[in-house]
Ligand code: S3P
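Only one chain is shown below, in structure tokens, and it's the form predicted alone.
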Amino acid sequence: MPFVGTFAPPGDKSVSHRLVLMSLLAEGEMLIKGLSDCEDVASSLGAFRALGGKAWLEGEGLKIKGLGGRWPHFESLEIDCRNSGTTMRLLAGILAGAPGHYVLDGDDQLRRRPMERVAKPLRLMGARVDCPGGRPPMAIDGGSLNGVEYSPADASAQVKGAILLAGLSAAGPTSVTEILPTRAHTENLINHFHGLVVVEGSRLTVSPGTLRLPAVFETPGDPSSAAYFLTAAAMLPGGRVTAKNVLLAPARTGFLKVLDRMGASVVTTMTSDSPEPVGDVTVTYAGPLKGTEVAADEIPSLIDEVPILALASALAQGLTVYRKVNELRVKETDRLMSVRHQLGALGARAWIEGDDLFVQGPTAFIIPDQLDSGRDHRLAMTLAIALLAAQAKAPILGAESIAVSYPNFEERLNLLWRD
């Protein structure tokens, strides 16, 4: 049975986080259409409300009232970021310039994720930030900040975003120089909200100031969510899937370039370019996929898609190599080890050498009695596609974690498989 059809992915998770959290620093009211309804973005909404923000359903979306950087003074406030690293890191940047004592905490998975990479630059700017062992909980005593020039050691849009958001409250400009390009949502939205970020090659400089919300914002579709179904179409004979209204920013669509190199037919049609490119993507099965090498400088543009691409690699002819994917080790799980282990459980040959992942195909999948996602939403969705490819059924332990990013994933999967 072919995997075919057209669908609209949920609103982009990364953009949705920023729309909500940046409203803490912005004046005005904004109607957000298509905001992601996933659990991670709900964590950002919870933080927004905890700080006194107001958001309510209105018409076709969520109306949100900006606080303009002014919220009640808290002698001490604890904010539960639950499972959302994006919430914690971006919020840390916002709170670094706010008087008061704040404690950012989360669930057991979030408590294992690295936060020193955010704490260090915020301390250099003048905030007091304490995260014992470099992990949450993170205590922040905010206040007067100074602009800095900072070069993060790792390619991280969240670290860059935290620094830029802190820079809006600093005395003087703040600059960030990236070692590799990362998703540009924070700087694009600051400029869209009438702030100023100047981009000169790999160096970004933000000027202090208050943002202004647009009256309406249409959230583009999430390419990371779309990737599961687009990759499934590339893997399965007769597959042809179109994702509508997808964010097509270059730093988010590296997986499409890899699918194209592996032999799938990939067609994109741009429909809008403000504040970032948006359009439709159609991926069609064009014969068995072939192995490829994914270079280290490509990884930031597809880091969230490595699990589903690795699954496709297990069906491809020959060897596929993913270079320098060590960032996967500090996701909700050690995602690098989890991908290797679960591919092995499916009968695939996959191994790790240093920070590189190798997958040798093709594989005739063997489905065990049960699969274990380790409560990692991206691995759980990848395993669901593996079952589809094998035309098999088995329980996926931890599948409830899918709600972290794509609450109606199973419903969409069933619709496309039945079309």
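Numbering starts at 1 and follows the sequence shown. All figures in this text were calculated on a predicted structure; none of them were measured in a lab.
FYI, the form predicted in complex with this ligand isn't displayed, but the following is about it.
Which is the contacting stretch out of 200-208, 152-160, 96-104, 340-348, given heavy atoms within 4.5 Å of this ligand in the model of the complex?
Comparing against this ligand in the model of the complex, the contact stretch is 152-160.
Though this ligand is not shown, can you say which of 176, 316, 247, 303 has a heavy atom within 4.5 Å of it in the model of the complex?
Partner contact (heavy atom, 4.5 Å) among the options: 303.
Taking 257, 261 and 292 as the candidate spot, are all three within 4.5 angstroms of this ligand in the model of the complex by heavy atoms?
No, none of 257, 261 and 292 comes within 4.5 Å of this ligand in the model of the complex.
Is residue 83 close enough to this ligand in the model of the complex to count, meaning some heavy atom within 4.5 Å?
Residue 83 lies outside the contact set for this ligand.
Hey, in the model of the complex, is residue 14 touching this ligand, heavy atoms inside 4.5 Å?
Contact check for residue 14: yes, within 4.5 Å of this ligand in the model of the complex.
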